[in-house]
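Below, in structure tokens: the form predicted on its own, a single chain.
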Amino acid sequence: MDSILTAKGLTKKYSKFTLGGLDFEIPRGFATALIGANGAGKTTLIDTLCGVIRATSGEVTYFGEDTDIEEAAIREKIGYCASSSFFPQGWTAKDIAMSMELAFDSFNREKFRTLCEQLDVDSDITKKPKPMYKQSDGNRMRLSLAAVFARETDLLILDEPGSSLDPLMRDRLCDRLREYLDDGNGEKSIVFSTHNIADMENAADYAIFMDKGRIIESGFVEDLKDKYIIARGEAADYDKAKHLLMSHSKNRTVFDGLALAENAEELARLGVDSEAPTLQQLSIGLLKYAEETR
């Protein structure tokens, strides 16, 4: 796999939580979703990859050769967007534009203005000045995203970019992520975290599933959908099929659960139907399985 980022033995230790050690790759030219429940370690991982916090141990290689996130040339290539407001709360959009121009050579103020208009940002770029603390969570996220997209980068790392957006804006964000990848002709990549994949499924090509600081599964989404199935049957057949299920939901009439596709024929002989999972179903099934087998 051609990778834009590779981590080996990556660890971050706190008194009550440990991330890793993690070994993984981020494929070049695709959007990778970090999927996990709250507390899985997604934000810790993203902040470590972006140099916001320092790893306890391990190594990350960026763009195939560089390992120092502190290098200005590396930071110039990476666009980072935090899940909460990254900019001072008293700043307006003009303050953000000024700071980004000073920090990054490729920041384009006119592109930032256009993106503010496209994302319907309530800002002094297009409207009256309004500091960040007077804006909604969704508006602050759209403003931060506009600032990131207004740069020329090779890798976007976004922490929960859709969490505070309404459904329409999440759909527009997915479109913008696809445009970013298309503009890169296979050279640009995206990493974004989410604990609710439903509205971001169309943006994900590759997925890394996390639970309590560890990676429990990873792969291209289409390959994972071939590897696993959703099994459905009548409650009366559950006891016969449960040994083949990784996780399940059950009521007095029916059950469904996640299983390996290699068990589809045996499940069929037991009268249990199966189908390919959506990424949302796969996420729930894998996270439930991880919780039950810790």
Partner chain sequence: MKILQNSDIPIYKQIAGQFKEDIMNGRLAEGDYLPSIRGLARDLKISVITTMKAYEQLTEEGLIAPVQGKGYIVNPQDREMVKEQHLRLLEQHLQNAIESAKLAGIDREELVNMINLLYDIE
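Just so you know, these numbers come straight off a predicted model, no measurement behind them. Positions refer to the first chain, counted from 1.
The protein also exists as the form predicted together with the partner chain; that form is not presented, and the subsequent description refers to it.
The contact with the partner chain in the model of the complex, taken as any heavy atom within 4.5 Å, belongs to 171 out of 120, 171, 137, 152.
Interface residue among 58, 39, 51, 29 relative to the partner chain in the model of the complex, by the heavy atom within 4.5 Å criterion: 29. This chain is displayed without the partner chain, yet in the model of the complex the stretch 179-187 from 110-118, 89-97, 179-187, 154-162 comes within 4.5 Å of it by heavy atoms. Of the heavy atoms in residue 76, none are within 4.5 Å of the partner chain in the model of the complex. Contact check for residue 222: a heavy atom falls within 4.5 Å of the partner chain in the model of the complex. The closest non-hydrogen atom of residue 202 lies within 4.5 Å of the partner chain in the model of the complex. Residue contact check for residue 71: none of its heavy atoms lie within 4.5 Å of the partner chain in the model of the complex. Contacts of stretch 230-258 with the partner chain in the model of the complex, defined by any heavy atom lying within 4.5 Å, are made by none of its residues.
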